[in-house]
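Just one chain is shown here, as structure tokens, and it is the form predicted alone.
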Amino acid sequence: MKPNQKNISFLRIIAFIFLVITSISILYPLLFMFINSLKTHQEYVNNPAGLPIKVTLDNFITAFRGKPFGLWFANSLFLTIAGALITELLAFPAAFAIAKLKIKGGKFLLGLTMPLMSVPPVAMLIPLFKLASTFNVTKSRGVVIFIYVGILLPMTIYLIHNFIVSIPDSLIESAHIDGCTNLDTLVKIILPLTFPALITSTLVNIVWIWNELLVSLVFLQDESLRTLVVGITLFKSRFTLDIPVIMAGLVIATIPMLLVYFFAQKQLIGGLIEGAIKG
């Protein structure tokens, strides 16, 4: 074996070991959470890391009886779908206008997305809360969706723009020659070509909104408006001594995102690869 081949083989072994360690570090907490959600409290105390001797679903029943999990789940689902959908509906035409319509100040607006993406939401929380208090909308799903869209829009525009800018101008010019308006070009030509970017950004936004805690905790203080993540956070204080019940609640919150990734993993990976190539 040549020296270069030995180096390549060694690097592959190192990369494989790194991937195995990374996978274990990600999967073990999920496995620990799921296994302990099926144990009794006494069994968890006796052996937290072991498999359940007798599987029980009582923790899930207790979780649903203790708090309105169904309502929290519905609230999270509504905010996630609305926030992600509105973000895409605004970001897609905005990215197209900046990339291909050569609007005045478009490059400047695109340049603003970089610093906006770097601002943490916690830095904007107090000003946003004061602004919402001024208009008396602090306990509204609408204002939370508005904040989510404002936080996610810069990153989404930037991602979709990088796809659209790589599309040849000749395609758009040909469409205009054939009598297509800008709207027709956007829907019939740009939309199919940027579908991987739309799927990727939508999935990322869905996961972020579903797992978001800070904004929903501050603005949705009524129990009937709480999201699932906020509900579980407060739910933990009630069942602090009963870890299996808390684990059952976490499983309930985790399953939807696992299903999203499971059914859309091909589109997500394809979009990330195409984005890397185009970038």
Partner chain sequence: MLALGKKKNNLSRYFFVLPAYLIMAIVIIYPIIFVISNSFFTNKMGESVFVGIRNYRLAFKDPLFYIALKNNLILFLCVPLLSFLSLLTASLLHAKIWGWRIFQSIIFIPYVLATPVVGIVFSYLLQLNGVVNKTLEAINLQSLAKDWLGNPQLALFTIAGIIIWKQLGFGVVLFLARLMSVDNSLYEAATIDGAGAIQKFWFITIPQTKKIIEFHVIISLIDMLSWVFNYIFVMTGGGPGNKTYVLEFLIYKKAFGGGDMNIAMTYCVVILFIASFLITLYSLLLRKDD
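For clarity, a rigid core is taken as the largest C-alpha set superposing within 1.5 Å between two forms. Note that the coordinates shown come from a computational prediction; the quantities given were computed from them, not determined experimentally. Numbering follows the first chain given and starts at 1.
What follows is about the form predicted in complex with the partner chain, which we do not show.
Contact check for N211: a heavy atom falls within 4.5 Å of the partner chain in the predicted complex. Of the heavy atoms in T181, some are within 4.5 Å of the partner chain in the predicted complex. Mapping the unseen interface onto this chain, F32 counts among the residues with a heavy atom inside 4.5 Å of the partner chain in the predicted complex.
Although the partner is absent here, P168 is not a contact residue: none of its heavy atoms lies within 4.5 angstroms of the partner chain in the predicted complex. Among L153, I172, L198, I164, the residue placing a heavy atom within 4.5 Å of the partner chain in the predicted complex is L153.
Contacts to the partner chain in the predicted complex (heavy atom within 4.5 Å) from stretch 93 to 117: P93, A94, F96, A97, I98, L101, K102, I103, K104, L109, L110, L112, T113, M114, P115, L116, M117.
In this overlay on the rigid core, F135 has a C-alpha that sits 2 Å or more away from its partner position between this form and the one not shown. Fitting the two forms on the rigid core leaves the C-alpha of I14 displaced by at least 2 angstroms between this form and the one not shown.
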